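Take a look at this single chain in structure tokens; it is the form predicted on its own.
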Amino acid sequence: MSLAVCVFCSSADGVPGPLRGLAADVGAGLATRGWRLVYGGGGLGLMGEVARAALAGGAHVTGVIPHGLAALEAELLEVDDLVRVDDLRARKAAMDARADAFLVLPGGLGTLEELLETLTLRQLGVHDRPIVLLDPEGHWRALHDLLDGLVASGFASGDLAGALPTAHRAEEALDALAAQVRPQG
């Protein structure tokens, strides 16, 4: 099965080396499994590392980038499909429409916003696609605490933090996605 994995992650260029290696492991792992990458279209930070490694391994890569961020995020022209959209909302919609699963690496406000929207839509039953956090250094620990607090205070139902399995290595994260994907048809 050629799974299309949407990866949300940082486009910041000052990300430490170990996280860059993790991102490259994700891209290489996607390629090894014969999966496709859908991502934000940039060439900087973790975003660029994932995409370049996926391309180097022979994975099909689709980048989705708003016109206004093409220069700022150094759009990666080498991708198989580069989709240019008007704004960030259109970017998320285009990525979502192409994704079978979501993998979230460390990132900033943009990554957090993408994750929260995807999780919210899952909680509302709009989709049932898997979402996995790849977090070797505890980047998302406070998010899990916040989600647990929302449930404990009655502002959310269910086990929100449990809906976001967390992996510490790239292969572990990809295995977690594979285990959750429902066969099509």
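The first residue of the sequence shown is number 1, and the count goes up from there. These figures come from a predicted structure and were not determined experimentally.
Same protein, other form: the form predicted in complex with a small molecule, not shown, and the subject of what follows.
Between the options Ala94, Ala74, Leu88, Leu82, the residue in contact with the small molecule in the predicted complex by a heavy atom within 4.5 angstroms is Leu88. A residue is said to contact a partner when one of its heavy atoms sits within 4.5 Å of a partner heavy atom; Met47 meets this definition for the small molecule in the predicted complex. By the criterion of a heavy atom within 4.5 Å, Ala23 is excluded from the residues contacting the small molecule in the predicted complex. Under a 4.5 angstroms non-hydrogen atom cutoff, the small molecule in the predicted complex has Leu69 among its neighbouring residues. Among heavy atoms of Glu78, none comes within 4.5 Å of the small molecule in the predicted complex. With the small molecule left out of view, the stretch that reaches within 4.5 Å of it through heavy atoms in the predicted complex is, among 50-58, 130-138, 144-152, 113-121, 113-121.
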